[in-house]
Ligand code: HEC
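Taking the form predicted on its own, here's one chain by itself in C-alpha cells.
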C-alpha cells in the first residue's frame, strides 16, 4: 500500500512540475516574435485614384475602422462618416487579458508614421508588427490583392495624423498560455490562399467572390474553421454558418454571436426568402444588437455595385443544411438541430 501511495505521490509531483514548466515556458516566450516573415513588396502611390480606392477599402470593404476606432465612436457614427483609425478599441477577455487596437494614423510617435510601406503591408497581410511580434486578431483581415494592399497603404499615408498613445495590450498568465497553445491562431502570422482579384467598377459574381472571401472576409466569420497547427483551415462548406466559434457580445459578454448560414438553403439559410433589395436594405440598416461584432458601420458604406456583387455570389452558393440557431444567445443554451 505504501508503495502505491509513493508511486501516486511521485506522479503527482511530476505532474505539478510539468505544469510549472509549461507555465514558465509560456510566460518567458511571450510575446512571440516572427522576424522571418517577409515584408510584401508594396510601395505607396500618390495616384489620387489609388488613394481614393484605399479610402473606400479602409472605411467600407476591409472595415479597418471597425477595429481601429474606439467602439463608442463607431456606435455614434452616421452613414458616410469618416472615422479616424486612431486605435483604442478594447477586447476585454477576462483572465486572458485586454487587447487594444493600434493607432494606424501616420503620427510618427504614437501611430505608423515611422513604419515603412513594407512594414505596414506585412502587418495587414500577415499580422506581424514592426518589431516582429505577432499582432493579435489580425487574422480577421482577409486575403487582399497587391492592388488593394497598395491602395490601403497609400491612403493611410494621407490621412491626418492623430497623436493617441494607446496603452499596450495586457495579458494574463492564462492568456499567455492559450495564445501559444489552443488559441494560437489568434496570435501568430497568417497567410491565406489568395482569391482572384477583380477590380471595382462593375457588378459581377467574380467581384462578389473576391469581396466575400477576400478583404470583406465574410467567410472568416460565417464559416467554421479550426487550427491545424500551422494555419486556419475552413471546415466544411464556406458561408454555412459558425456554431463552434462564437464571438462574445461587445456590451453584454454573457451573450455570444453565432454567425448565421448565408447559403441559400430554404430551411436553415439566414437569407432564405430574401431578394436583392432586402439584402441591400439590411446591409444599410446597421445594428440590431449594439454589441454585434459585425462591422455594420463599415459595410453600410459599400457601393450598390459591390453589394449587388456580394448578393450575386452568395446566391450562387450551393445550399447547405446547417442550423446555427439564434444568432445571439447565451453559449450554454441548447440548440435544437
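Please read all numbers here as calculations on a predicted model, not as lab measurements. Numbering follows the first chain given and starts at 1.
The discussion below concerns the form predicted together with the ligand, not included here.
Heavy atoms of every residue among 115, 144 and 257 are located within 4.5 Å of the ligand in the predicted complex.
Interface membership of residue 179, defined by any non-hydrogen atom within 4.5 Å of the ligand in the predicted complex, is ruled out.
Heavy atoms of residue 222 reach within 4.5 Å of the ligand in the predicted complex, making it an interface residue.
Shown alone here, residue 37 lies farther than 4.5 Å from the ligand in the predicted complex, counting heavy atoms only.
By the criterion of a heavy atom within 4.5 Å, residue 53 is excluded from the residues contacting the ligand in the predicted complex. The single contact residue among 136, 159, 195, 198, judged by any heavy atom lying within 4.5 Å of the ligand in the predicted complex, is 136. Residues 62, 63, 64, 67, 68, 91 are the members of 55 to 93 with a non-hydrogen atom no more than 4.5 angstroms from the ligand in the predicted complex.
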